[in-house]
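In the block that follows, a single chain appears as structure tokens, in the form predicted alone.
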Amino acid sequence: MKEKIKVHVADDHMILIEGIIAMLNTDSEIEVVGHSLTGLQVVEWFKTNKADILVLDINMPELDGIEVLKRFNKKALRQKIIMLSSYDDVKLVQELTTYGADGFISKTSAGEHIVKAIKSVQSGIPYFSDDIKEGLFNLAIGQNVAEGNRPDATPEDASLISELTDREIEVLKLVASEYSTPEIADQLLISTNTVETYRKKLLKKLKVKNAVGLAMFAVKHRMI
């Protein structure tokens, strides 16, 4: 039997938590293993418990979602996190991805996207609503143009790109094009374990936190 995706839900309104849990309970592949009402409760829960996915509200008492992300990032915890918020500010979303967020959905569309987002992030594919995704890519492209429209906008970036092998570049392009690990394996005729090894190498070489960072790096440097 396929192991269920374990989810922890964090929001400062119990009624919203209950609504999300009710939606997730309708999917046989997902299991809610805990919930928190404050950012501090989230941090404390993860000290002794584990979940595959953390659904995290930005506006939380005691510690907000951004501070929770920073703490996880500081401790190098590779926790998959989907941010839940009423905000759609692209620069805020970009900031959240630098701290390790793997997805971003609005509270108003949570019912439509939450299950799909969880399954996507669990499979290694970042999940953002179409408008957020377009905004992120446009922002990256705009920054590229502002820097002179050069694929190697900085000496540091040029050095990072020069360290990539041809196969790593292939994997990077496919990750940025939203291919899942099994799809990349089929495309390149390699095992899924090998794809995951390339992903880890890319994260380390390009100094980014997750697949979102890889995608934005590829877009900024016109690799897709």
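Since the structure is predicted, the reported quantities are computational estimates derived from the model, not experimental observations. One rule holds for the numbers: they count along the sequence shown, beginning at 1. Rigid core: the largest C-alpha set superposing within 1.5 Å between the two forms.
Another form exists, predicted together with a further copy of the same chain; not displayed. Remarks below refer to it.
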Query raised in the report: Counting only non-hydrogen atoms and a 4.5 angstroms cut-off, does Ser109 reach a further copy of the same chain in the predicted complex?
Result: yes
Requested in this report: Please check if His13 has a heavy atom lying within 4.5 Å of any heavy atom of a further copy of the same chain in the predicted complex.
Outcome: yes
Query raised in the report: Would Glu178 count as a contact of a further copy of the same chain in the predicted complex, using a 4.5 angstroms cut-off between non-hydrogen atoms?
Result: yes
Query raised in the report: According to a 4.5 angstroms non-hydrogen atom cut-off, is Glu67 in contact with a further copy of the same chain in the predicted complex?
Result: no
Query raised in the report: Ile20, Asn210 and Met216: each with a heavy atom within 4.5 Å of a further copy of the same chain in the predicted complex?
Result: yes
Report summary line: Only one of 28-36, 46-54, 170-178, 189-197 has residues with a heavy atom within 4.5 Å of a further copy of the same chain in the predicted complex, and that stretch is 170-178
Query raised in the report: Core aligned, does the CA of Leu206 move at least 2 Å between this form and the one not shown?
Result: yes
Report task. Note yes or no: does the Cα of Met216 move by 2 Å or more between this form and the one not shown after the core is superposed? Result -> yes
Query raised in the report: Which is it in the predicted complex for the CA atoms of Leu214 and Gly39, closer or farther than here, knowing they shift by 3 Å or more?
Result: closer
